[in-house]
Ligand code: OVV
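Form predicted alone, single chain, as structure tokens, below.
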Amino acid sequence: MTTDSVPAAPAGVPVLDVDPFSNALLADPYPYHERLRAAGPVVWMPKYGIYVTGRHEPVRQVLNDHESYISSAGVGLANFSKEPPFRPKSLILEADPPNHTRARTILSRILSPRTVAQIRESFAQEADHLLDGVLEAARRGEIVDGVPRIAEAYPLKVFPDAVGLGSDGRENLLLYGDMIFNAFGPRNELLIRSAEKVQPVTAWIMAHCQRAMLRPGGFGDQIYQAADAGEISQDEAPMLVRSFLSAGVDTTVNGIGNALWCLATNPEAYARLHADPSLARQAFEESLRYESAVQTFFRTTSREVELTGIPMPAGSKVLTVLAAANRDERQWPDPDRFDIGRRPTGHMAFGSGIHGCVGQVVARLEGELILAGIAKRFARIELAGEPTRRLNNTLRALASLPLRLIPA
């Protein structure tokens, strides 16, 4: 989008003249989120010619009204009604009913509560195996990098296993996910660099979404079984496997990494968790609210609509700032405090409505198992160095998290 093509600010709409995709704001978004919420329920951002909301209630309204605020025009800054998508559109993320309903029905069936109950034992065994190795390293006095050693290693093991993916090359999923989530923002340096990194592995991604590369009976094979039954086409099946892998890896990796950071920087919260590991699920939910792994998503108005009394023309891009909504003082008491005693029901870290993250049931299971396993093994968890952020246009991510883990 060029400066000349950006429309003028609509009359009566507060203006917030910032770039939410700048490195400075991505590194420290919370002061900007405060300004956004204070400016109004909906603001105009002239940098990109978009409407933006960061308060909990209007964010919830947008995400839950899939008829007025559509996803098929793209959930990023680009408007697919005016320009072609950079890759074939996701059947789940960038689709509206009835197409979305077909794909969502299949994935919801695969990830049913019964399925999650069935995989819990194997996921717990893998968490124990991973964390026993971390415990041995801690007993030797080693500093553990919580990102590659825990936050990446665990989801890259259990979820691709469940999908039926082979063990070689799984690190490519991280490169691919980084590019996809960068692509929801502008064509800035972050997107350019991540696209350069992912080019060599794109063929690997698509090849490993083919039926011949997937273990019979796994989640991926079940998608192909749905294609056999005529619920989707055979050509759509590998695209749905691709979306499934993205939904089940990136949010979980960053959710666990952020949770480890929250606990390492809030010793009183970790002491409470260590004393009662049954709080692990609640602690993970609070970390999702407090340090949302997915910070933003876009929608596009399908018609002229009003949001909190502000009219928006058809075809308008609306940026929902999930992370700002998750710290809205109108919704949460003392929202800038990390409190694992809080029940943050209604947080927006996984979105809301029919497009809520399809992999969230598995992400919650993984987060709970890892945090409970850590709480049982370690008396304290402390930062052992300065964490390094991995900037992304959409994700709140860490590249490195040096931890000193004190065995119980």
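In case it trips you up, residue 1 is the first one in the sequence shown, and so on. Since we're looking at a predicted model, the values are computed, not measured.
What comes next is about the form predicted together with this ligand, which does not appear here.
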item	value
Distance check, Phe181 to this ligand in the predicted complex, heavy atom within 4.5 Å	yes
Exercise: Ser246 in contact with this ligand in the predicted complex, heavy atom 4.5 Å	yes
Partner contact for Ile92 in the predicted complex: this ligand, 4.5 angstroms, heavy atom	yes
Contact of Arg87 with this ligand in the predicted complex (heavy atom, 4.5 Å)	yes
Interface segment, criterion being heavy atoms within 4.5 Å of this ligand in the predicted complex, picked from 238-246, 160-168, 108-116, 208-216	238-246
